[in-house]
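Shown here is one chain on its own, the form predicted on its own, set out as structure tokens.
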Amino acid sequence: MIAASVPIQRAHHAKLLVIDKNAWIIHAPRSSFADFLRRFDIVVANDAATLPASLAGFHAPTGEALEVRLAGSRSLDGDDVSHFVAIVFGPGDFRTRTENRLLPPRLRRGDRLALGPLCAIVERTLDHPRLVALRFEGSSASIWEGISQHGRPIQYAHVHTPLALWDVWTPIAGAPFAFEPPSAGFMLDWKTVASIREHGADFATITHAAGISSTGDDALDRRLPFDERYRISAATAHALCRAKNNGGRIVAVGTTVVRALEHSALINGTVRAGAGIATQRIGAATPLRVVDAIVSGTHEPGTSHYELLRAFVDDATLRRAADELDARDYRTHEFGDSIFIERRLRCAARAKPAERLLAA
């Protein structure tokens, strides 16, 4: 696959690879996404806006430069913004590949980090020298102001120019709780939402504090995704129940939505309204109780996002899909193309898989 290096959310030429429940692979323009929906389906997206969660500064005890990337929060309450989990890097910025970034100075409990107008205290390290719990000094208002003025969106080297905040906010973004964009939602706009409803499907949102996708450290990356907070409204929970009762499919826009819905589900698949913390790592052995299909970006094997896709479809089909993505020059990363995977019918008679192309 080709790395998407330009921050364009809804490129007119964007592609969609579809894997249906019988493991048939279909290629289509992404603009035709709603054509793959059925009456009574419900499409669920993450409405979290993205924080400017990269904060440059220095380590007060040594004077060494560093970068703090916020990766988790204690609450989805906008009045409680003093405590965060963060990954700390040494000098440098996004222009250096994450895995090549320099290490920060040794961090100890009580160390002060000067981050522009903000001061953060290291409360403790979290079983890794670069993963820390931070406490920001000051009022909630001053912390919000400091993050908004000094912070930048978390960014990786495949996008060559600095990202602006509007580059990483989805069109449906609400409150700023995500640390990296819930980028599967980049494909959405209000025209797409209208098309979803014209096809007899419903549209709903949840809020999920999407975390970081890479730390540059193999040991830390194996722990991804970190625990992530979410909130599901009563209206969304009711809409999901209605769709299920009518025989519709639950279509998640992005891996964060899958994590939230599956974590909130009761044994019978009923989604509970309210707040929670998604702690599970979803993979091939995970029985999905709620979500029937996922729309996502294209992901490389070995990433936590790719592992989640294995809950929907078998490895052989994912390998065929990866070959198709490579052969047809799909773009990867957050500004790339998309895939739509329907959960495999595990008990269905096996039919010979096939591929077909829908004209763009």
Partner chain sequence: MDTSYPIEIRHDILRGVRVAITGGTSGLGLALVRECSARGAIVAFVARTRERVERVVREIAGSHGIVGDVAKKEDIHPIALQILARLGGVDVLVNNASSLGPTPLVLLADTECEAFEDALATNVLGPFRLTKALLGALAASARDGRGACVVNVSSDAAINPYPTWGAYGTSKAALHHMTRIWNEELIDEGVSFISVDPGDMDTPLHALAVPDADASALKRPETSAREVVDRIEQALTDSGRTAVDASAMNLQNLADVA
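Computed from a predicted structure; not experimentally measured. Positions refer to the first chain, counted from 1.
Omitted here: the form predicted together with the partner chain. The next part is about that form.
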{"property": "Every residue of Asp47, Arg231 and Ala275 near the partner chain in the predicted complex, heavy atom within 4.5 Å", "result": "yes"}
{"property": "In the predicted complex, the residue from Asp93, Glu99, Glu137, Glu145 that sits within 4.5 Å of the partner chain by heavy atoms", "result": "Glu145"}
{"property": "Single option in Ala204, Ala133, Leu288, Leu118 placed near the partner chain in the predicted complex, where near means a heavy atom within 4.5 Å", "result": "Ala204"}
{"property": "Exercise: Arg281 in contact with the partner chain in the predicted complex, heavy atom 4.5 Å", "result": "no"}
{"property": "Partner contact for Phe226 in the predicted complex: the partner chain, 4.5 angstroms, heavy atom", "result": "no"}
{"property": "Exercise: Gly248 in contact with the partner chain in the predicted complex, heavy atom 4.5 Å", "result": "no"}
{"property": "is_contact(Thr125, the partner chain) in the predicted complex, heavy atom dist at most 4.5 Å", "result": "no"}
{"property": "Contact stretch among 251 to 259, 264 to 272, 102 to 110, 209 to 217 - heavy atom within 4.5 Å of the partner chain in the predicted complex", "result": "264 to 272"}
{"property": "Heavy atom contacts to the partner chain in the predicted complex at 4.5 Å, residues of 107 to 142 in sequence order", "result": "Ala141"}
{"property": "Distance trend in the predicted complex - C-alpha atoms of Ala209 and Ile267, change of 3 Å or more", "result": "closer"}
{"property": "Pair Arg39/Asn268, Cα separation in the predicted complex versus the displayed form, closer or farther by 3 angstroms or more", "result": "farther"}
